[in-house]
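Listed next as structure tokens is one chain, alone, in the form predicted on its own.
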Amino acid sequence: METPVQIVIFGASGDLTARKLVPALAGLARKQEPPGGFVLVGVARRHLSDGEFRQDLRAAQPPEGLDDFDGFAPRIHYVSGDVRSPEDLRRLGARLDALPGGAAAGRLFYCSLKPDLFEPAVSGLAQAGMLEQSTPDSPWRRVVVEKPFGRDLASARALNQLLQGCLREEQVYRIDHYLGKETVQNLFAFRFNNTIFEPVWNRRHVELVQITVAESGGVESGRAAYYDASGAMSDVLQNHMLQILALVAMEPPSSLDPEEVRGQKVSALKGLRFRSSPDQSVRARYQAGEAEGKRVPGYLEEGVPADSTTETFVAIRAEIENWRWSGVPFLLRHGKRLKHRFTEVKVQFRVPPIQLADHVAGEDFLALPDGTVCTLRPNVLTLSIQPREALSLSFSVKSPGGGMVMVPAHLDFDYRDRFGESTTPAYERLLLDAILGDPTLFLRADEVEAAWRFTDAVRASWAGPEAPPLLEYAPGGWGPPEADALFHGCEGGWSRG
């Protein structure tokens, strides 16, 4: 890759560019990746010079990132333009031709745009001849599309048809930044490179899997209109959480070929089923109240319509109908204004068929409201994704002394303790993969559609005559207590992080 790459960001005046994309590119520039180097061209409607654009970006960087940014800044350029204007796109093309690499450079077009601008941006680039890659030897042209990939199955299919009408599927990189997180990728590596776990990763030994994405904040400033049109289901569960689920549940691929890996993820999502009944999902929104020692507004005070019915909390019990997972519940939970922020996966293994211990310590019991006494599951594998990046395995050991008194113990692995530094930022990893043409960690068209098919089934149950009510919950807790009922019998309860 001797010719410099040209990276074009549409919507370059937005928050994503300043907070995530530019720091990621500055990190790559410091590491001299890719080897041939790259230049960045920001495109937005504001009239700015290159210098003014660089100053705006620099002002948004944290103090610890300024050295990287200053080293990268000379490569940053700016073109004022509207993606819907053919004339502006022609000016962009002329500017790219004049930059290092010229027309022979590989070009990565990043659509950091509102969803309604995806179509005119991609169509305009195609009509301007800027996406042509007619032969294997032609300079490559790729397009990165940020979520949301549609708002339901029908719109996702329409977006895929548009993209595939202008590009070949291998030129499309649908990005979900969760897949760039080191611990999310480690789900794959952990499973398929440790034979002590793969033999028990199935319905015979796994009792349930729970996935939680908990947020302590509410609706961020400026996002109320977007969030109210999507809600917890579409904003997080449909994409981030189902991607994690796919990595947990997928079958082993025959190789690390991107299509082999992505194909197995799609198969897992196609098997995901939601039983359409009121007791299989819970939806709610946060009220005003106290959280972290201060008063916080309720969702209806965040600048959304007074008659909004958008959920800020969702919990679902689902299953995967295939040979490996039949009968194993997958419990998914996401909410805003919860007690603290964390993302994790818990794989809960079944209890032994016979309890041979003479006595189990009292802390290993759980009393249910109906008087049933349950033995807590001694073997749980916890994969912490954020803010802590770690793995933990729980098990029982005998307490010293007479009698068979069992107590819980843990084996722990922490990324920071082991490697001495934080992991590579998600966008840095994903941008490098897009430049190098590795689509493994990006979503394929059928993967997006499979996720929406499941999501639409849940939302359809919320629109029917037996829809679960939209509950309310106090901020700073763990959401509505009704979500606890998604665990049956002695299965346990939701993680507290």
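Position 1 is the first residue in the sequence shown; the rest follow in order. In this text the structure is predicted, and so the values were computed from the model without any measurement.
A second form of this protein, the form predicted together with a small molecule, is not displayed here; the remarks below concern that form.
With the small molecule left out of view, the stretch that reaches within 4.5 Å of it through heavy atoms in the predicted complex is, among 222-230, 394-402, 162-170, 133-141, 222-230.
Among residues of the shown chain, residue 317 is not one whose heavy atoms approach the small molecule to within 4.5 Å in the predicted complex.
Residue contact with the small molecule in the predicted complex: residue 206 places no heavy atom within 4.5 Å of it. Proximity of residue 386 to the small molecule in the predicted complex falls within the 4.5 Å heavy atom cutoff. Mapping the unseen interface onto this chain, residue 311 falls outside it, with no heavy atom inside 4.5 Å of the small molecule in the predicted complex.
Though the small molecule is absent from this view, in the predicted complex it lies within 4.5 Å of a heavy atom of just one residue from 95, 346, 377, 177, which is 177. This chain lacks the partner; the member of 181, 283, 265, 333 within 4.5 angstroms of the small molecule in the predicted complex by a non-hydrogen atom is 181.
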